[in-house]
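To begin, one chain is listed below as structure tokens, in the form predicted alone.
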């Protein structure tokens, strides 16, 4: 096989094509490929970071929710304690009021009994004086009646 000028021309053309491609075409292609690799890597890192941030946000939300539930339960417990305390105070107040009303009623009853006894005594004295008048068939004067009345009240 003979190497002729066509083959040498093709070799020289191929060498120039390889040199031109390596000098002017290959660097932008490799640069674009590296940039794309970097963008993909950055995107994957951002996605991974986003996943971690999402997990952290979910964890924080769960913690906040748990704290809110604890606080709500504390508020409910405090409300129950307060309502029980208010009920107890109302019961105590009602008992004290009932004792006061009962004492007042007993005082009123005692006063009315005393008034009734006094009224009965006066009526009894009046009847006794009237009976004595009828027995004696004479009228006593007011001063004598009054002194008899006082004596009779003292005896009763």
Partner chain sequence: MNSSNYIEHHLQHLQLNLNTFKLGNNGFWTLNLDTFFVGLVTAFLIGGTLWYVAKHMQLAKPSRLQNFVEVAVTFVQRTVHESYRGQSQLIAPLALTLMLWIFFMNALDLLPVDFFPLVLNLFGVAHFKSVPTADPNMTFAMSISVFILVLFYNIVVKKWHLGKEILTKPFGPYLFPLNIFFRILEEIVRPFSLALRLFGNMFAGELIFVLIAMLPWWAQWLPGGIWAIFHILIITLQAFIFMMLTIVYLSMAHDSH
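Nothing here was measured: the structure is a model prediction, and the numbers come from that model. Residue numbers count along the first chain shown, from 1.
Quick note: we don't show the form predicted in complex with the partner chain, though the next part is all about it.
> Note which of 115, 30, 98, 51 lies within 4.5 Å of the partner chain in the model of the complex, where distance is taken over heavy atoms; exactly one does.
Of the candidates 115, 30, 98, 51, 30 is the one lying within 4.5 Å of the partner chain in the model of the complex.
> Go through 70, 91, 36, 111 and name the one with a heavy atom inside 4.5 Å of the partner chain in the model of the complex.
Result of the distance check: 36.
> Can residue 154 be called a contact residue for the partner chain in the model of the complex at 4.5 Å between heavy atoms?
Answer no; every heavy atom of residue 154 is more than 4.5 Å from the partner chain in the model of the complex.
> Is there a non-hydrogen atom of residue 21 within 4.5 angstroms of a non-hydrogen atom of the partner chain in the model of the complex?
So residue 21 counts as contacting the partner chain.
> Residue-level contact is defined here as any heavy atom of the residue lying within 4.5 Å of the partner chain in the model of the complex; does residue 13 satisfy this criterion?
Although the partner chain is absent here, residue 13 would touch it in the model of the complex, with heavy atoms inside 4.5 Å.
> Where, among 55-63, 22-30, 121-129, 41-49, do residues come within 4.5 Å of the partner chain in the model of the complex by heavy atom distance?
Only one stretch passes the 4.5 Å heavy-atom test: 22-30.
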